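The form predicted on its own is given below as one chain in structure tokens.
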Amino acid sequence: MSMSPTIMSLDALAALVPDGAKIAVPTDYSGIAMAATLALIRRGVRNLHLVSVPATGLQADLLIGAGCVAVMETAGVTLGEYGGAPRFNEALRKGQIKVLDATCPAIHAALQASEKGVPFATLRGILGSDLLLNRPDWAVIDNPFQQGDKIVALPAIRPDFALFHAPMADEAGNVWIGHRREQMTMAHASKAAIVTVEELRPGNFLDDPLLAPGTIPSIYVGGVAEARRGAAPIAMWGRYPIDDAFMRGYAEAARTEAGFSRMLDLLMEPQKAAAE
């Protein structure tokens, strides 16, 4: 295959992300770029502003535990059925990260504003909530079309990168996401999408009427790296399930810094072996 210049190695993909970057990441059911996350940790990236779309789990907990995150903008950080996110909870208690509390609709709306190229989005459902006391960047304004009607204005979220894992990309750098439309919004809203995929395929997905509707065109993609099982130990829809044993072990061990380090080393071992 004659590859697009956007197709690169996993380490080269991670090298695109500078310290202090704002990165949008999806929720666990929507393609977590875990291999790329581990590459970022191994590289020692710092001071990230992480935006979860709309909630997050192990990915954020690993980045926070490794000291990579300065700001966490999220509707929730949890390991789901496995319990709380221990490194996030500890960092929050110690004031080691700044948390921008949000809701699922608020994050989606703010990303859609960026996607549309407008400075803010409006949302009604958070009127009267305590969130407004903790988000001075959100404003309650008058509806210009109805006197006395209030609405919340949310500034557009414009990430530097959208980082996610997808089933496949083609040699032109187009990425097929299927029905995961939140990944499309993330790519449109961000300056560039950086994506790991299960496999690279020849041809151009945009020429295929069955694949084109679920494809992010390469114009929105800053880098693609092939990473087989690149979401593991998180599940990848249609490919493999979550690693239940690892998640249960992590939820228990990562309550301490030493236990977290052991679990992180377990995840890093396959990448170290591949590099050697």
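A residue's number is simply how far along the shown sequence it sits, counting from 1. The structure displayed is predicted, hence computed values, not measured ones.
Heads up, the form predicted in complex with another copy of the chain isn't pictured, but that's what we're talking about next.
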Worksheet item: Does another copy of the chain get within 4.5 angstroms of any non-hydrogen atom of P209 in the predicted complex?
Response: yes
Discussion item. So in the predicted complex, is another copy of the chain close enough to A109 to count as touching (4.5 Å, heavy atoms)?
Written reply: yes
Fill in: Contact flag, V71 vs another copy of the chain in the predicted complex, heavy atom cut 4.5 Å
no
Worksheet item: Is G57 one of the residues lying within 4.5 Å of another copy of the chain in the predicted complex, judged by heavy atom distances?
Response: no
Discussion item. Since the partner isn't included here, can you check whether another copy of the chain sits close to all of G117, P155 and R181 in the predicted complex (heavy atom within 4.5 Å for each)?
Written reply: yes
Worksheet item: Does anything in 236 to 258 come within 4.5 Å of another copy of the chain in the predicted complex by heavy atoms, and if so which residues, in order?
Response: none
